[in-house]
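Take a look at this single chain in structure tokens; it is the form predicted alone.
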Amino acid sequence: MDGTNGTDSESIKTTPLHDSHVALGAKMVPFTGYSMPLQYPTGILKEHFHTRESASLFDVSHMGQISIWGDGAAHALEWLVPGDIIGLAPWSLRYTQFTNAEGGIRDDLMVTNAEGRLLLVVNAACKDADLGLLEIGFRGAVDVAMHNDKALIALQGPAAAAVMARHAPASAALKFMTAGTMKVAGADAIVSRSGYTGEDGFEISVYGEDARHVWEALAAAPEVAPAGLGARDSLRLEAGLCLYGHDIDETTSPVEAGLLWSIGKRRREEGGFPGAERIQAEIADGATRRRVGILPEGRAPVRENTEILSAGDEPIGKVTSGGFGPSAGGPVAMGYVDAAHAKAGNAVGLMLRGKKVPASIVKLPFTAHRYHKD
């Protein structure tokens, strides 16, 4: 999730929380068409560690929130995604992807069965294209609408549950990847126990006019500090989570990306979604390349598009995400390598500024997930 693209500064948009970020001294940057906080005065490193140790508040209102409703909505969505939507239990969430005819990923998204409608959260850079895809694909058979009047706030970290319980007691009953309607600090909200940091936490969808009140109520807790895009990226990288437009795109299949877990048994067998032929063939025979974790030696961070070499100095792939992992204590990266070289423990090389740096293939994630599943 959270894909990026370039932005024309003349057409920049703001979220309902823009003034709150400015008041907190955030460094604002253009991101997927919006002015968003990169970091606050404490800095990315402290924001990262605060999320891992306590709880951080993120503005993710740039993401697209879409509703689908009408008879056969789940069946209709399954024509566009490989996830099992028909079997999704009430008030449960499912991660899936919009695939193209070649089996590549047009976008990745979260789907909630809100009993009577499906709620989708899609990436900001893709949301207009996703809406068009749904409208064209459904041909009026079911209804679809983008909720531009909604904001989305993420509270992430081991202290998130205690903070949420003070402002929304009903949130305590939620488990990972479940959701419900409730009041948060007195405002109507849809709350899901989910997020993109690898930590326990919640995503809170509220009307734009209520966003600042909810943000300030949660931010007032002594356990909570605001965090921006910089910490969000380092947290999701350590958690081994894909960033759309980098680790996954229209050329990448869910199988290559290590996302086979998101395709249920029925969908694997039946197909019936775009690109099913390629994806089913890769399930049966294996993909020719695989997304892997990469642990470089030394302290130099590894960036996107860095070439990956085999032990024999043959090019075998490229890095798709990389940087310093604060909790991991050094540089970490993800990328794609030829399947023959994808086994954890394999030695590889990384070409950094014309010099080969030793590295090894490792299992993802770099830091253990701590979702609330019990």
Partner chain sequence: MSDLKFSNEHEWVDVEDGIATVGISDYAQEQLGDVVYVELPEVGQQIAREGQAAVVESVKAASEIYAPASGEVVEVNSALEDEPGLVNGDPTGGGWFFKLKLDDEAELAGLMDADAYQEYVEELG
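Numbering follows the first chain given and starts at 1. Because the structure is predicted, anything quoted here is derived from the model rather than measured.
One more form of this protein should be noted, the form predicted in complex with its partner chain, which is absent from this view; the next part is about it.
- Heavy atoms of residue 43 reach within 4.5 Å of its partner chain in the predicted complex, making it an interface residue.
- Contact check for residue 38: a heavy atom falls within 4.5 Å of its partner chain in the predicted complex.
- Though the partner is left out of this view, residue 27 does reach within 4.5 Å of its partner chain in the predicted complex, counting heavy atoms only.
- The closest non-hydrogen atom of residue 301 lies within 4.5 Å of its partner chain in the predicted complex.
- With the partner left out here, its partner chain still marks one of 71-79, 119-127, 198-206, 293-301 in the predicted complex; by a 4.5 Å heavy atom cut-off that stretch is 293-301.
- No residue of the trio 83, 244 and 265 has any heavy atom within 4.5 Å of its partner chain in the predicted complex.
- Exactly one listed residue, out of 226, 274, 240, 230, brings a non-hydrogen atom to within 4.5 Å of its partner chain in the predicted complex: 230.
- Annotation for 305-328: the only interface residue with its partner chain in the predicted complex is 324 [heavy atom within 4.5 Å].
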